[in-house]
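Read the single chain below, which is given as structure tokens and is the form predicted alone.
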């Protein structure tokens, strides 16, 4: 029988890690905060019946009140409504961006680390080239090539995360491919695809999970930055970064136009980082536990 660590077996490191995460106070706080943001954003029609893009010039720059809890912007749009609908797009940009980066980076890392040779050298060189650029500059360069737009912004953010996932996955594969159970599986005639998908990838998940979780927060920040620069969502689309940009011209007379979307970005990233820290601690604890055994 081939011995391997399975995250789905009873009392496996994966289940122990999950229990440790659920008991972690930081993860509990971050999870509750993130769920509240997601619920408020995607259940926006339950909280407001206003159109986020409907203008009302006579109501421009009204301070927060019972009728407009977050005030109005420079052309009379309800800031509370735009905050809720903007959260949908900001969170979606973060999730889609990191998903693109993870899918491409993990695939390249698996192929590079497992097969080695000239293919490994080529992919490693490609990754080193991408890593020579700061993430935001790489995203800006891609936007410059593809053109502005929310879809291109998500793609640019995803590509900027590819090197991190590729390098981490490759390192994990290099340490796993020489394990006894991998050699036994190969001797039994398992295909390369089966070994990668059934043995190597599942045992790399714990390490990748930390990067994936923390990367969502970074992806939200990167998306907000691109939208703040006008390279993502196009007016009048509501998005937290774009709302910050629009509120900058009124920062002295209408503080609510920058404070609320800025708080949304801050709370989203904070909640995800709290969860990420808990996952990081749980992974470290699981690894130590396995090594002691």
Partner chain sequence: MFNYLVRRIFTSILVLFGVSILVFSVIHLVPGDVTMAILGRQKVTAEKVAALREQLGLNDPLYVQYGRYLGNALHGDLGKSIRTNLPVAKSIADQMPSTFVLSMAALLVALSIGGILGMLAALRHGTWLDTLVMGLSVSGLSIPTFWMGLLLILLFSVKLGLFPSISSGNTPAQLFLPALTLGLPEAAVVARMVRASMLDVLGREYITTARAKGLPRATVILKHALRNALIPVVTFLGLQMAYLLGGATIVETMFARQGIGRLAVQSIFNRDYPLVQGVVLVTATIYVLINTLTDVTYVLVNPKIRLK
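Numbering follows the first chain given and starts at 1. As the structure is a prediction and not an experimental result, all values here were calculated from the model.
The form predicted together with its partner chain is left out here; the points below concern that form.
Remark: all three candidate residues (224, 229 and 274) come within 4.5 Å of its partner chain in the predicted complex, counting heavy atoms only. Partner contacts here mean any heavy atom within 4.5 Å of its partner chain in the predicted complex, and among 250-258, 35-43, 61-69, 48-56 they occur only in 250-258. This chain appears without its partner; in the predicted complex, the one residue of 205, 122, 141, 151 with a heavy atom within 4.5 Å of its partner chain is 141.
Site annotation in the predicted complex: the residue of 130, 179, 212, 104 reaching within 4.5 Å of its partner chain with a heavy atom is 130. Though the partner is left out of this view, residue 135 does reach within 4.5 Å of its partner chain in the predicted complex, counting heavy atoms only. In the predicted complex, at least one heavy atom of residue 270 sits within 4.5 Å of a heavy atom of its partner chain. Using a 4.5 angstroms threshold between heavy atoms, residue 117 stays clear of its partner chain in the predicted complex.
Under a 4.5 angstroms non-hydrogen atom cutoff, its partner chain in the predicted complex has residue 265 among its neighbouring residues.
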